[in-house]
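Single chain ahead, by itself, as C-alpha cells, in the form predicted alone.
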C-alpha cells in the first residue's frame, strides 16, 4: 500500500475509524478523491465543525451542541428515572426504541482498573451529586454484559443504595426471534436467571 505523500497520509488517517483496516481505508481514499471530491469536502468541513461545536451535556454527559442536550431539556421526560449507559451511541439506540421516557447518564466507558479507568474517569461524582439532590428515584443500569460492564453496574448499584435510590438492571438473554440452538451458554444462563412470571 502507498505510504508516502498526502494520499498515504489520508489512507492511514482513515484507519483510525473502528472496523476500517488498511484496504478499506485505501478504497475510501480513492473513492473520495476519484469519484466524490465534493462529498469529501463536505465530510471534511462537517467533521471540523463537529469537533469545534459538539461537547458534553452538563447533566447527562452525552454529545450535544448545546450546554444541555435535547433529552435533558425535554420537559415531557421524567427526570426521576435515569438510564446509565456506557457510551453516547447507547443513548441513540435506546431512544430509537422509543420505550424509555426518562433521562440518561453517560459514563464514557466502564470501570477497568488495568486501564486506569476508575470512578473519577466515569464522572460518578456528578452522578452521585444528582442522586444526592433527591430528584432521581430509580437508576436503570444499561451497561454492557461484559465483566467490566457488570462490575460497573454493581458499583453504581451500591452508590444508589447509599442515596436510597432504586437500581435495576436491564434484562439480558434470548433476543426476540432468537433460536435456542444458536444462543451461547452465558446468555442462556442470564435468560434463566432473569426470567419473569408469564
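Numbering follows the first chain given and starts at 1. Being a predicted model, the structure only gives us computed values, none of them experimental.
Not on display, but discussed next: the form predicted in complex with a further copy of the same chain.
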Inset, instruction - Go through 168 to 176, 148 to 156, 33 to 41, 131 to 139 and give me the stretch that gets within 4.5 Å of a further copy of the same chain in the predicted bound form, heavy atoms only. - result: 33 to 41
Inset, instruction - Decide yes or no: are 5, 26 and 51 jointly within 4.5 Å of a further copy of the same chain in the predicted bound form, with each residue judged by its heavy atoms? - result: yes
Legend entry - Close approach of residue 65 to a further copy of the same chain in the predicted bound form, 4.5 Å, heavy atom: yes
Legend entry - Proximity of residue 164 to a further copy of the same chain in the predicted bound form, heavy atoms at 4.5 Å: no
Legend entry - Contact test in the predicted bound form: residue 88 vs a further copy of the same chain, heavy atoms, 4.5 Å: yes
Inset, instruction - Decide whether residue 96 counts as a contact residue for a further copy of the same chain in the predicted bound form under a heavy atom distance cut-off of 4.5 Å. - result: yes
